[in-house]
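Shown below, as structure tokens, is a lone chain in the form predicted alone; questions about how it binds or moves come after it.
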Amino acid sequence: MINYEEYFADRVKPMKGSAIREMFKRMADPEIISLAGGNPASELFPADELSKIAGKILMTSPTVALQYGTTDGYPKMKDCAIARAKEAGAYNEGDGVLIMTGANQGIDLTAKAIINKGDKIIVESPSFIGSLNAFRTYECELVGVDVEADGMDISKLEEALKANPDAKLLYTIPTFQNPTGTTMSLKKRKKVLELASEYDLLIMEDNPYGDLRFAGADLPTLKSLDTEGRVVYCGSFSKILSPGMRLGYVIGPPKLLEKVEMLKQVNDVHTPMLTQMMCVQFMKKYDINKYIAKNRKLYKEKCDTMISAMEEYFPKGKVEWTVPEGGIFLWCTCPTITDVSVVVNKALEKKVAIVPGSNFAIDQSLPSNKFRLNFSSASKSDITEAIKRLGEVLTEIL
């Protein structure tokens, strides 16, 4: 038999699969309650509306919907992306926009366009594994900066930049960060931009959760504060409409996006026309902000349910957690242990799935005493039951 390990490219040999995806394979058991993934609430999907829209498109415009499209995106879909970005202050006249097959494609292809082997990339620690793995495939060096309750630790960011003055890119999820659920303060946002200017860094702002604020006041995006054209902004329709439609977008300097567009042409030619047209018609026919308001209301209820259950069932003084103002995640720390994997495995025995913190680390081989919980996907009753079971595990171990 062929030993395929010998054929793998050097750049992919160190990569490890997402523990979340691996866990899904073990969750065929319908009794398992998952707090592991990052799925939006499926009960919110506008299935009836989208079904009617898709049927009408295929009846009236089948050639456009089923034929090749342009790589940069269906023009009306680009208008929708620009409209969403403008609401976040993330679009300026003269910016380029590309429609992507999910925001992660935008992150990956933008990274591919600018990262050389050996380049240094500043990232939050912990951070989203999809982006970290995208960066790893281009054989760069990831430099982690700790995340505090109000975003990146600025003093450590300054230390990292002094130690790595040749760093090329800073990647951040400033609003409802994945995995911690934290939000970068306005003061820190301004400081990040100042440091980026001082050290001549590009910034990639990933904002898939920004529309899902259910507490606190809105904060300006980094893109809206940028006066030098340093910020590349990645947005998504996955969390406000449907992840299965695979619709994201990148907004940034046209010269950079020209290269990204060429890479997308090689990657998948274009994002499916049908889903782009469906999104356009949904946005035209329905008030997307009313739909987003429904998301916010439900996610607040689910987050409150989870935190109330944690307060009741987790061992007192043994677990710390973040309290997000939006998004779909919160982050737990067990200060008295060094490796949470035993908790993860014991929880799975009790039919509850959670994700260990090591999955979001720069060095995934190191043990972690943290884990991520998702509150958007499960029902409120399942959230309470899952936290009760998890509390039993934590009480036993801690």
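One-based numbering along the sequence shown. Everything numeric in this text was worked out from a predicted model, so none of it was measured.
The same protein also has a form predicted in complex with a small molecule, omitted here; what follows describes it.
Q) What is the one choice in Thr110, Asn178, Gln276, Thr183 with a heavy atom within 4.5 Å of the small molecule in the predicted bound form? A) Contact residue from the list: Asn178.
Q. Which residue among Asn295, Thr71, Ser224, Ser238 has a heavy atom within 4.5 angstroms of the small molecule in the predicted bound form?
A. Exactly one residue meets the criterion: Ser238.
**Q.** Interface membership of Tyr209, the small molecule in the predicted bound form, 4.5 Å heavy atom rule
**A.** Yes, contact at 4.5 Å.
Q) Heavy atom to heavy atom, is Asn104 within 4.5 Å of the small molecule in the predicted bound form? A) Residue-level check for Asn104: yes, a contact with the small molecule.
Q) Even though the small molecule is not shown here, does Phe128 get within 4.5 Å of it in the predicted bound form, heavy atoms only? A) It does: once the small molecule is placed as it appears in the predicted bound form, Phe128 has a heavy atom within 4.5 Å of it.
Q) Hey, in the predicted bound form, is Arg246 touching the small molecule, heavy atoms inside 4.5 Å? A) Answer yes; at least one heavy atom of Arg246 falls within 4.5 Å of the small molecule in the predicted bound form.
Q) Heavy atoms within 4.5 Å of the small molecule in the predicted bound form: which of the stretches 160-168, 307-315, 142-150, 238-246 has them? A) Flagged stretch: 238-246.
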